[in-house]
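As a starting point, one isolated chain is supplied in structure tokens, in the form predicted on its own.
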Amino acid sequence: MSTTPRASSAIPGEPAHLGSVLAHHPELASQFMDLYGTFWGSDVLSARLKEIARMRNARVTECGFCRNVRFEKAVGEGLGEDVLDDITDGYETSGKLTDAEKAVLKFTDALIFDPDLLTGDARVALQKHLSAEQIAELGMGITLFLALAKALITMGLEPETMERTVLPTPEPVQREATE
């Protein structure tokens, strides 16, 4: 993956990273961050299941930033490295992942690779463990994860090296009320 920025920072003296590149279009950046924060702030689907899907995407896309970030809310829900270590090819046989988590991972793979992965038993398992509202939220989340990873990779905004980091879970943008 590229760590040489292919997009410029809008903030003088600040290196290119997602925030500084998005600063070229502040209104769009704010709306995107609001959407991402709203997704993470929703409790329709647990942060643990969202993070499991995000980590599968990170490993498939090989996004260095995404692979090394953990969100506080998922960690607070008990998601540890022992479980995350099993989010690899062959996760179906993991003894650490629950059946619901495996269904989420299969749905993630279907969105990333091939919709036909979500037929038959995989579809039944997903519908057994998640409501229609949860599946809709998860589908939107995986779409956001994939888009963000691809944007970071394509724009060369991945860090050269990065330690595993726990970050605050994104929140919706707070706007001042207008009268």
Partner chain sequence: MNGPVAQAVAGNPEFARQYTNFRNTAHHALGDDLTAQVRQAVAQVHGLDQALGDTAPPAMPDDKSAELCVAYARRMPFEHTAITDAEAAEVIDAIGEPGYVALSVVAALADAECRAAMVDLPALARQA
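Remember, predicted model here, so these are calculated numbers, not experimental data. Positions refer to the first chain, counted from 1.
Heads up, the form predicted in complex with its partner chain isn't pictured, but that's what we're talking about next.
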Please check if residue 42 has a heavy atom lying within 4.5 Å of any heavy atom of its partner chain in the model of the complex. yes
Query raised in the report: Is residue 107 one of the residues lying within 4.5 Å of its partner chain in the model of the complex, judged by heavy atom distances?
Result: yes
Contact flag, residue 11 vs its partner chain in the model of the complex, heavy atom cut 4.5 Å: no
Quick one: is residue 118 in contact with its partner chain in the model of the complex, heavy atoms, 4.5 Å cut-off?
yes
In sequence order, the residues of 20 to 53 that place a heavy atom within 4.5 Å of its partner chain in the model of the complex are 21, 22, 24, 25, 27, 28, 31, 32, 34, 35, 38, 39, 42
